[in-house]
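In structure tokens, the next block holds one chain alone, the form predicted alone.
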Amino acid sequence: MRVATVKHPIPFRDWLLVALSVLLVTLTLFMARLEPLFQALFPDVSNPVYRRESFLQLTLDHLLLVLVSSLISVSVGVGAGLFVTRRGGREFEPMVSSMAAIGQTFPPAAVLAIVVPLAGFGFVPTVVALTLYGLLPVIQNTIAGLNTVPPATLEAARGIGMTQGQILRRVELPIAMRVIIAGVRVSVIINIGTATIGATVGAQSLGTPIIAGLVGNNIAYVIQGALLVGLLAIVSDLLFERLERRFTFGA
């Protein structure tokens, strides 16, 4: 007897992720070949495509800024969230949340102005600004996720003899992980957009052609940098959405 198989259609968002990823890679590698298009759109511009650095190198530099700052934000944010949800750290929760909120209320330009005299220009002050800006959603969602664990579930885990470490790894984190990933998602997307401002202090990123375009009154440069930043943010957001749907802690 032949068993009929049901083919599940690929969701639209998966098709969108593939299409936008291909577009992002294509523009990153072959932006220079669009010079006739930008020349036609902006006939008054003498150099319609940014060529001081390759867009591939600018994209990699941008991703490095986001990756380093996000790793620090996630490590510090999840660690702080774990600390204030333990018995010995609950009294520090308002202080930790307030400090993270204060870090995000500072404009990135103000953070750069403070850090540059201490750390110099380039990579370091940009990472500091992005790290402070990305902390709040990670801390908030870590606390919120861990607080959603039902007390009855914790009591059952203690009742079967689990240690505190085992309860954290096998019970609390698996239940809270989706909420934590949502916070990381917000943090990373914020940093992708905010990393462009690092170009004002000498950090190479996709903000470099944007700043060059603003200074030189070349709207084509601005569009090229902004287009890649926007695509990078959307693709990253769609990837995190898939991660939220399918992530299983410890699988």
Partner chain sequence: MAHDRVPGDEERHTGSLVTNRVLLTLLVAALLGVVLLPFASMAPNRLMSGQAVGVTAAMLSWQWLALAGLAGILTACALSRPFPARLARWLTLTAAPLWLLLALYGLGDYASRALQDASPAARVSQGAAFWILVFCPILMIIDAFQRLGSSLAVRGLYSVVLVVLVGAMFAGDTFDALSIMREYANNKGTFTAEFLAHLRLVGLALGPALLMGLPLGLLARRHPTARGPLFGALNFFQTIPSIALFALLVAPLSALGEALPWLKAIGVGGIGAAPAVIALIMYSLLPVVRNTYAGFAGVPATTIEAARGMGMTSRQILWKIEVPLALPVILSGLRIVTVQAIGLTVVAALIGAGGLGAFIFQGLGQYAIDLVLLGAVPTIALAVVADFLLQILVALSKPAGMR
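Everything quoted here is computed from the prediction, not taken from an experiment. Positions refer to the first chain, counted from 1. In this text, rigid core is short for the largest set of C-alphas that superpose within 1.5 Å between two forms.
From this point on, the text means the form predicted in complex with its partner chain, which you will not see here.
Figure note: of the listed segments 113-121, 156-164, 173-181, 69-77, the one touching its partner chain in the predicted bound form, with heavy atoms no more than 4.5 Å away, is 113-121. Here is the short version: of 32, 64, 56, 223, the single residue with a heavy atom within 4.5 Å of its partner chain in the predicted bound form is 223. In the predicted bound form, residue 49 stays away from its partner chain, with no heavy atom inside 4.5 Å.
The shortest heavy atom separation between residue 219 and its partner chain in the predicted bound form is within 4.5 Å. Contact check for residue 237: a heavy atom falls within 4.5 Å of its partner chain in the predicted bound form. Although the partner is absent here, residue 97 sits close enough that one of its heavy atoms falls within 4.5 Å of its partner chain in the predicted bound form. Annotation for 185-211: interface residues with its partner chain in the predicted bound form are 185, 189, 192, 193, 196, 197, 200, 201, 210, 211 [heavy atom within 4.5 Å]. Residue displacement note: residue 101 has its CA displaced by at least 2 Å between this form and the one not shown (rigid core superposed). Pairwise change in the predicted bound form: residue 194 and residue 112 C-alpha atoms lie closer than in the shown form, at least 3 Å.
Cα of residue 102 to Cα of residue 127: at least 3 Å longer in the predicted bound form than in the shown structure.
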